[in-house]
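In the form predicted alone, a lone chain appears below as structure tokens.
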């Protein structure tokens, strides 16, 4: 196991009716900006619960944060927050709203061009405190300091991280996910699954706690994921999926172990160029990437096969390939496509994406280069 420092200050309020706790989690003497997306929170009752909880606070609203939050939209929130002297931000939504709110929190006091924050990991001296009310479990953004922001004009999608934008708290009420569209529910199974594999399917590092935790989260997603649509108001299903997503990317399973993240980096380009959902890109890229890198990932893939998929027979290579096949079939079983040819993606996508990652050195060994990216995406067609 590698040396590591683990830090996670996020307070979690989990369970039915927990939105009411927002009243006590935000100081009463600061102006609050409530940030959300397209307005679904006004249809499912979440908005009313939040407003009721904050009835004694001065509140300002900002709506319209996109599924892939853009710099252009978020800067409008920054300007409004500065004008209103906002002292606290409350993200109400899924991972995109949370990611966008983290950017707003850092950009409000930032003196230079705020795009430098995601583009070049600019130093942040301070950030406006923020909290979250989660309405969609997928990204784990409610329990980490990571954020991904897109620049529409530049056609860029950049991830960044800073400890100053950890949410001070996150409220997780599984019941608010009952009314989600099927597509978002399915994305909420695939996204955390791949978050775990990016930290787990690398090479052995003698980190038994992290491995066991990773395998447990994966088994939870496999057990409950297919039931999410057929049992839409099953509290057991939704609560386990919600908590699995948080634990997939709160830093714990990634502590002291090598990490990959090539699937995410390639997937970001597919989202920017062709408009695929984030989770859709992950389901397309991961199986092909694992097959392409099976030689170097064989030992962990064989472990994955036994511990998660219960594949006991065969050689390590046979188990590894069997686990990849089962993973791809799982994505399809929960309703997410796994081939680029199943989407409206140009035939030259492998070359285009690879050219945009021309100087890349991805993966746990930093050995996935331009030609490898092109080959992986050709396998994914």
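Positions refer to the first chain, counted from 1. Worth saying up front: this structure is predicted, and the values here are computed from it rather than measured.
Same protein, other form: the form predicted in complex with ligand NZQ, not shown, and the subject of what follows.
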Mind checking whether each of 44, 65 and 99 has a heavy atom within 4.5 Å of ligand NZQ in the model of the complex? yes
Ligand NZQ contact in the model of the complex: residue 94, any heavy atom under 4.5 Å: yes
Can you work out whether residue 263 and ligand NZQ are in contact in the model of the complex, taking contact to mean some heavy atom pair no more than 4.5 Å apart? no
Looking at the partner-bound form in the model of the complex, is residue 112 within 4.5 Å of ligand NZQ by any heavy atom? no
Would residue 136 sit within 4.5 Å of ligand NZQ in the model of the complex, counting heavy atoms only? yes
Candidate from 322, 350, 335, 37 lying within 4.5 Å of ligand NZQ in the model of the complex - any heavy atom: 37
To verify the annotation, which of these, 172, 217, 249, 130, has a non-hydrogen atom within 4.5 Å of ligand NZQ in the model of the complex? 249
Location of ligand NZQ contact in the model of the complex, chosen stretch of 164 to 172, 138 to 146, 293 to 301, 200 to 208 [non-hydrogen atom, 4.5 Å]: 138 to 146
Within 167 to 201, the residues that have a heavy atom no more than 4.5 Å from ligand NZQ in the model of the complex: 176, 177, 179, 180, 181, 184, 191, 195
